[in-house]
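Starting off, we have a lone chain in the form predicted on its own, written out as structure tokens.
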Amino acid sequence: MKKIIVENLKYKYPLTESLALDNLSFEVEQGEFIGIIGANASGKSTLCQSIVGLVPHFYKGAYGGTVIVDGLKVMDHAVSDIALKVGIVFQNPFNQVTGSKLTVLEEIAFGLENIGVPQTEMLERIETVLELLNIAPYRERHPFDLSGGQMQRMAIASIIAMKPNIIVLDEPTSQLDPEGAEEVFQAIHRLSEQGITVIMVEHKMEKIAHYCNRVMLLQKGKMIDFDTPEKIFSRDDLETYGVTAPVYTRVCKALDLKIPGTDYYPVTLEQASRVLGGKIK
């Protein structure tokens, strides 16, 4: 089932000359975990904002093409309608914490209260996301007493409690240490396994290669490629687009060790270990 359909999407911010998004077309199936990569100013965040409707409804500007998310044509629906289908998690969790709640539980309940979810159902949803994201032990803790990884998982829990079918994450681990980043990636991976469609902008290529089903490479608003991590990270011209392949790919490429039966290099530790192990033997 197609959860996102983008056709000939073009967008230019007000008072700018160049297109931020230039004729993008692609489709995403239910439950896919999609990584979006590219250099700065390649259009990654703008694409995220297009999927949740902030482009064009909030940022205005010149807009063309079609974006359909979970059956809703973005141009024809208010951001508030789209928000019931698509949740977004920003780079800094502080941007999503209300600052008015005294506990993690109350913070997660905030959005549910606003849309009138009955109390019994609200508590059930909150307990579910607390367990899903491994933050149940912190339910009574003040949100600002959490670590960065815990706070980001709380922000994600607040979105998931709304029961969106799609979640968009714009560099959610950029300010986290390795342990916090791994916590977030594991949590998002569990969501995709449950059928939630995930779109994530991220600069940690090893994580993208390990967790994503497909990867989209952008440059100056144009889609350069959209395929498996193995194909994307094996491109000879990858660094010309401001992207460095995972370390495992670079090592195997230097040794000219490809995944057996393919033209692609390993992109994960597991793949590299199998290839290197076979070479040693």
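The term rigid core refers to the maximal set of C-alpha atoms that superpose within 1.5 Å between the two forms. What you are looking at is a predicted structure, and each value in this text was computed from that prediction instead of being measured. One-based numbering along the sequence shown.
Below, we refer to the form predicted in complex with a small molecule, which is not included among the displayed structures.
None of 186-194, 73-81, 136-144, 119-127 except one has non-hydrogen atoms within 4.5 angstroms of the small molecule in the predicted bound form; the exception is 136-144. Not one of 268, 271 and 276 is positioned with any heavy atom within 4.5 Å of the small molecule in the predicted bound form. Although the partner is absent here, residue 42 is a contact residue: one of its heavy atoms lies within 4.5 angstroms of the small molecule in the predicted bound form. Taking the partner from elsewhere, residue 165 is found to have every heavy atom lying beyond 4.5 Å of the small molecule in the predicted bound form. Proximity of residue 20 to the small molecule in the predicted bound form: non-hydrogen atoms within 4.5 Å are present. The small molecule is not shown here, but in the predicted bound form it comes within 4.5 Å of a heavy atom of residue 59. After superposing the rigid core, the Cα of residue 76 is displaced by less than 2 Å between the shown form and the other one.
Core-superposed comparison between the shown form and the other one: the Cα of residue 147 travels 2 Å or more.
The rigid-core alignment places the CA of residue 104 2 Å or more apart between the shown form and the other one.
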